[in-house]
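So this first bit is one chain, no partners, the form predicted on its own, shown in C-alpha cells.
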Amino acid sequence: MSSSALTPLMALKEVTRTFGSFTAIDGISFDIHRGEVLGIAGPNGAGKTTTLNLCTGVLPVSSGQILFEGQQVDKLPAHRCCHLGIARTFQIPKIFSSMNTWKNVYTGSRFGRPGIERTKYDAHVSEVIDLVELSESKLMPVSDSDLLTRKRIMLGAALCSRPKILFLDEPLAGLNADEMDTFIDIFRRIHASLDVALVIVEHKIRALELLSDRILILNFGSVLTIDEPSVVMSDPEVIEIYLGKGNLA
C-alpha cells in the first residue's frame, strides 16, 4: 500500500482556537480519511462551525496544526485552501443572485482551478449540474429559486472547484422532510460518483447516521467521541446529555 493511501487526507493535531479569553476549540485532534463521509454533531456552541472555519482557512488556529495531504494549511487563507482542494458550503446559501444557475456553478469552477481551458470548464460544469439535479433550471435566474435549489446551486459551485474534501455547514437546515430526502440522495450520488471526502456539520443526527462512515461529537470545544454511527448512537452520554432524545426522533 502506498504512503499516500496510509496518510490521512486531513489531520488536526491539538488544535485550539481562542477569541480573547474565550476558548472555542480546546486542543482537538482527529483525522479525516480519503473518500469518507464524516458527520460532525453536538449541541449549540459546541464548536462545530468554528472547527469547519479552521479547516477551510476562514480562521487561523491559535495553536496546534492542521495538515492537508501532509502539508500544513492552518495559516493559509480560504482561497489558497480552495486551490489545494478544500471546499465548503454555508448554512445560508452564498450565491450570486444576479446570475443564472449555470453561471453560478461555472464561477465555482473558475475560482477553484484557475488557468484551465474553457472547454474543460464547460464539460465539468455540465457533469456537476446533472449530478446535483439542476439540468432543468440551469438557465433560470437564481433570484427566482427556492431554498432547495439555492442550496443545490451552492453545492454545485463548490463541487466545480474540484475539491478533494468538501465541508458542508448544516446543509439540511430549513428543508422539509421531502427536501431533506432529495438532498440525502444527492449526497449519496456525489459520494458514489466523485473521489471526494464529505464532512457534514448537522444537527439532524438521524440524517448523519444514514450518511456517515463515522460521526464526531463535539462538546464545549472538545471531542467527546468519534466512531462508527452505531457506536456513537448507542453511547448513553451522547444520547442523554449531549444530543437529547428529542434530536434522535
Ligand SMILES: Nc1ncnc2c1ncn2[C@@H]1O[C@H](COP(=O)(O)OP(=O)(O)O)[C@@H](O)[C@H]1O
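Residue indices: 1-based, along the sequence shown. In this text, all values refer to a predicted model and were calculated from it rather than measured experimentally.
One more form of this protein exists, namely the form predicted in complex with the ligand; it is left out here, but the text below deals with it.
K.L.:
Have a look at 11, 226, 24, 239 for me and say which one sits with a heavy atom within 4.5 Å of the ligand in the predicted bound form.
P.N.:
Of 11, 226, 24, 239, the residue with a heavy atom within 4.5 Å of the ligand in the predicted bound form is 24.
K.L.:
Could you check which residue among 208, 46, 37, 66 gets a heavy atom within 4.5 Å of the ligand in the predicted bound form?
P.N.:
By the 4.5 Å criterion, the partner-contacting residue is 46.
K.L.:
Quick check for you: of 183-191, 29-37, 66-74, 49-57, which stretch puts a non-hydrogen atom within 4.5 Å of the ligand in the predicted bound form?
P.N.:
Selected range: 49-57.
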